[in-house]
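Take a look at this single chain in structure tokens; it is the form predicted alone.
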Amino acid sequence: MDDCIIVGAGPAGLTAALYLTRYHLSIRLFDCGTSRAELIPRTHNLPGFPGGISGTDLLERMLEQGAEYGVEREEAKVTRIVRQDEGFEVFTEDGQFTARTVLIATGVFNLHPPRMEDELHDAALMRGLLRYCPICDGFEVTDKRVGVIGTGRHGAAETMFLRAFTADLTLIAPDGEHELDAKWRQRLDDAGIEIVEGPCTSYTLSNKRIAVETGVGPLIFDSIYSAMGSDVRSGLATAAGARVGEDGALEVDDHQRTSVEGLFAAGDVAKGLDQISHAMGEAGVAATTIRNYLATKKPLWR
């Protein structure tokens, strides 16, 4: 029986793996290769990397650092987690494993703009023509022409957040008419933000810009943001009995404990700020809490 099984090898999972192995605990690190961090062309918000670093390079460096202490990423998709009297059974597509604790670090999946083909999506993302996180890269669109695809409170709030970076903003409904009440329409209007009805039917990349076909015709932007929300990958934990909030994120306490004893969560799958630095901090807290929790079950001295 392992001391901890970690599900997900993004920034949170890799940080926790590093901490736990340096606590001389036995771990398994399962990952199915869908970390959102791999899609980051270059992050500039992570301290210690002048000029920024790509998501893939960051994950490679973190895995290399963990390997110095015995961390090994096992490529496997976890399908089920079951609480037992003395820990957990963790099922993958290839086998069954047991652990005293489990850390969920499965992250989220950003919902893509509607009717955008995968190949064009990936090209636009790598070129900075499509973005998802104004906290991460709002600075990069300073004083540029930006479209936001979304509606309702979420789309309007994200557009208002971007208003601190640029005045040239357009909020586009993804499917037909906007779902905006009078209060939000007034706030957007007061900020000088254009509101355009959908649907968004096609996209074209050309000359460092992206064109979006909308309900009023084609519009051209320096970048577009998808404010369609995200799917939180909390299903494994909820099936094991963990509670989630209205947004689907796992509810955790200040020590990253879920509502199920011995089951922890860190990173974007848990409530909090979806940032690499924040995920790493949560993982450090979770790993230390796991270590202390295990110490109450048996002595850890060597």
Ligand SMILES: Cc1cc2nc3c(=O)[nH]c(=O)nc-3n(C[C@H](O)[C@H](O)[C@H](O)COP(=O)(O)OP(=O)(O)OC[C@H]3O[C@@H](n4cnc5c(N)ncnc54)[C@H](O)[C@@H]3O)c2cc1C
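All of these numbers come straight from a predicted model, not from anything done at the bench. Sequential numbering from 1, following the sequence displayed.
What comes next is about the form predicted in complex with the ligand, which does not appear here.
Q: Of the residues G241, G70, G245, G33, which one places a heavy atom within 4.5 Å of the ligand in the model of the complex?
A: By the 4.5 Å criterion, the partner-contacting residue is G33.
Q: Might T159 be said to contact the ligand in the model of the complex, defining contact as any heavy atom within 4.5 Å?
A: Residue-level check for T159: no, no contact with the ligand.
Q: Taking any heavy atom pair closer than or equal to 4.5 Å as contact, tell me whether E251 reaches the ligand in the model of the complex.
A: Answer no; every heavy atom of E251 is more than 4.5 Å from the ligand in the model of the complex.
Q: May I ask you to check whether A105 falls inside a 4.5 Å heavy atom distance of the ligand in the model of the complex?
A: Contact check for A105: yes, within 4.5 Å of the ligand in the model of the complex.
Q: Although the ligand is absent from this view, report whether A9 comes within 4.5 Å of it in the model of the complex, heavy atoms only.
A: Judged by the heavy-atom cut-off of 4.5 Å, A9 is in contact with the ligand in the model of the complex.
Q: If contact means a heavy atom within 4.5 Å, which one of 145 to 153, 207 to 215, 161 to 169, 128 to 136 is the stretch that engages the ligand in the model of the complex?
A: Correct option: 128 to 136.
Q: Could you list the residues in 229 to 252 that come within 4.5 Å of the ligand in the model of the complex, counting only heavy atoms and keeping sequence order?
A: Going through 229 to 252 in order - heavy atoms within 4.5 Å of the ligand in the model of the complex - the hits are R233, L236.
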